[in-house]
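Just the one chain here, the form predicted alone, laid out as structure tokens.
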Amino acid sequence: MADLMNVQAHVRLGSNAGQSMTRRDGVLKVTGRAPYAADRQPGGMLHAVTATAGIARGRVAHLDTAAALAHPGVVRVYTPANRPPLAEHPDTKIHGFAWRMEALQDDTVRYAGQPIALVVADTLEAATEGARLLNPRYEAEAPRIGLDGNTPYQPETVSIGRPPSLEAGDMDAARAGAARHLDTVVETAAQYHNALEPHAITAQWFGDRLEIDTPNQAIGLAKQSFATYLGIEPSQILIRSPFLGGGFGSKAILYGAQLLVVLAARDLDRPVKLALRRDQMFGPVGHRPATRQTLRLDLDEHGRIAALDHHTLAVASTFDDFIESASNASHSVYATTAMRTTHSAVRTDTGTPGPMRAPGEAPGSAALEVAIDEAAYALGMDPLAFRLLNYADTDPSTGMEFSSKALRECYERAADLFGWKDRPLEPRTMRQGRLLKGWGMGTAQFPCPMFQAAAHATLRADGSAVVETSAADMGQGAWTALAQIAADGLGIDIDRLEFRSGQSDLPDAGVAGGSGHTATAGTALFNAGADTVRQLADLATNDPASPLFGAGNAGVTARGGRLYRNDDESRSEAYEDILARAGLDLVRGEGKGAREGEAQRAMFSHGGVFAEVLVDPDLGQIRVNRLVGAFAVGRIVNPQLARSQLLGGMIWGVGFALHEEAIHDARTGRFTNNDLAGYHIPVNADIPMIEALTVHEDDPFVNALGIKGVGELGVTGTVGAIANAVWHATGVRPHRFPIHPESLI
């Protein structure tokens, strides 16, 4: 075999990757031709609607199934009394990324909005009317709602299997020697996934083979999960998830209604479709829980952080454990001699929380950045100068050196564009007309995980190629960025590439989450292309008729659909000519994507965000007037898409700081704002000026391609920046998110 190390070592990112290419699926979406799960209409399809609990705690005492079945369009009503069996109990956590589900296993009501029956009918209208006719009666108990609704407990893990506490250094000694001590308590409200596309599923059986259309962020994992609960082999299941209208983490995890639809389709031997209403997305499909965070900063006489103590009390459900790991946001931003991060939780009668864009880091960094700003003002220091003084070059929790030290440049670039040097230190000293003006900043940071993925790359006889992996595109542009990487891995132009994705019968692309999808699936695709090129080069360099014959030691480079000798670029050959002479119709390569070995460095994306707010001094109304962020995110595959994701994260930060808040009636445990009229999110008028810069960064440690994530980073610095700008404008320090106008008056 030819020595082709140069093929792999020379990362061919630039001819396709690195360019601001328009989304490959954009035309389909804007013309309405992109098929989503709820668009599938197989012949003979039935419609399903879930009846949901009107109480938060207790049991269903009676359902009028006779009235529902008397409706002429209703085909079947499923309750705990007649639900078809499952191979595994819905409360069984079959793997680390599984939640306990409500799938009519009993008559217990765990939270308001829980599915308590499934009505299947010929039409959606009939199913909806049948669900209404059930007229449930309950034996209700007093609900436990809110951070003070139950007795806190100590969880065994936080997030997905992470330790609940960490202590580094001598906390007592660091505190004893500190010159100043600051305590801060910050609360964040519950937030619920409200993607443009609600959760939906269409299920159809063909004998013992199941086909599912559902939006999903982890198709391979979902296929295994469905198979386990149904007692069949994964090979008997095909999941199609071609387009996702947003997910934010909620579409990576199975929920009970999906299982019920699959069971109904098998029981009735007809395809069944379910699409959740907007109000039904509040409860069963995860959310970001409320937190109360207590931070203590101990500062030495030079203004450096001697000790940092961060405790989080988070809301959990009564029947499962997903604990928002907010305190962990303090692990890797600021240098300190001693650190302690801890978590506790309170069980409430709500649906189980789950990963939601920047889980842990979003609420944790919001509280941390408020505390850091308070510390700067306590010392009479400019907040930027204080952060620069305390920026960590190594991860205080592990002692690992950062894989990037670009945060300082992010601070400088964003501050310069924003005009930070003109900022007066004292609050309430800037005005725009009668409005109070304030400037604030926050540090953005998010880890760079990698999962496991696989891909195939097939080079055809005409020099075109097809690549395959089951990647998920939730709107972030994955199908475009991944195709760019795949084309460069193969050394061809992207217009000669066919990209196949979104189905479970393709190689598993892992989880589209944690801002790690591009790095993971992209590495698999690039390696598949490199494997294909190696095989092609082996054919050519061992063929006396090829101009590349004997180039094994020197190696070859692939670009533009040709192989070039590294020692003599005048000698090259087109892919199709190599295949034709070998008598082959195709060459197929395989690739894997995963981080090799143990991490030797702390790996993060970084950024600095600066905000300007205007506050009405009489009404307390807050408007974000400007947002500027600069971010170091490794090699950027598509600048246009990366900027879009960073802007989206910053806009989410505006919503976190000023708008998003799920509200329960404490008496009943029911939502009072489970629609887009009462659950507020930013609109165009809330975002007048926003800019995201990227700082060039070559990170050789994060992965072979140097790719980091951008999707969740922008949230983390923005929330604190807005809160700190509100303080600067008003002199009132916000300690609760979202910031209510009445708290400023």
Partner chain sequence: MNLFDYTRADTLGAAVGAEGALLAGGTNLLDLMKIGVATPSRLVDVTRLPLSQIEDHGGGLRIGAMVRNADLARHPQVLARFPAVAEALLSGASAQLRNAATTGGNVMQSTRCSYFMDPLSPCNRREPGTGCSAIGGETRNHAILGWTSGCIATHPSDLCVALAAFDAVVEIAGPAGTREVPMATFHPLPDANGVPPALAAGEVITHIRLPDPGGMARHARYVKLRERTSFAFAIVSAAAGIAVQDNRIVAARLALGGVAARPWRSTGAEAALLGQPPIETNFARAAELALQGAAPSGNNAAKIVLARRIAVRALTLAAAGTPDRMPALPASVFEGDDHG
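Residue numbers count along the first chain shown, from 1. Just so it is clear, the structure is predicted and the values come from calculations on it, not from any experiment.
Here the subject shifts to the form predicted together with the partner chain, a form of this protein not shown in this document.
**Q** When the partner chain is placed as it is in the model of the complex, which of 620-628, 355-363, 529-537, 408-416 ends up with heavy atoms within 4.5 Å of it?
**A** One stretch meets the cut-off, namely 620-628.
**Q** I need to confirm a contact call. Of 69, 45, 28, 681, which residue comes within 4.5 Å of the partner chain in the model of the complex, counting heavy atoms only?
**A** Checked against the cut-off, the match is 681.
**Q** Which one, 635, 100, 659, 643, lies within 4.5 Å of the partner chain in the model of the complex by heavy atoms?
**A** Comparing distances to the partner chain in the model of the complex, the residue within 4.5 Å is 659.
**Q** Is the partner chain close enough to 432, 670 and 685 in the model of the complex that each of the three has a heavy atom within 4.5 Å of it?
**A** Heavy-atom distance to the partner chain in the model of the complex: all three under 4.5 Å.
**Q** Is there a heavy atom of residue 129 lying 4.5 Å or less from a heavy atom of the partner chain in the model of the complex?
**A** It does: once the partner chain is placed as it appears in the model of the complex, residue 129 has a heavy atom within 4.5 Å of it.
**Q** Taking any heavy atom pair closer than or equal to 4.5 Å as contact, tell me whether residue 494 reaches the partner chain in the model of the complex.
**A** Contact with the partner chain, no.
**Q** Is residue 616 near the partner chain? Define near as a heavy atom within 4.5 Å, in the model of the complex.
**A** Residue 616: yes, in contact with the partner chain in the model of the complex.
**Q** With the partner left out of view, is residue 706 within 4.5 angstroms of the partner chain in the model of the complex by any non-hydrogen atom?
**A** Result no; residue 706 lies far from the partner chain in the model of the complex.
**Q** Who in 726-743 is close to the partner chain in the model of the complex, meaning a heavy atom within 4.5 Å?
**A** Residues within 4.5 Å: 740, 741, 742.
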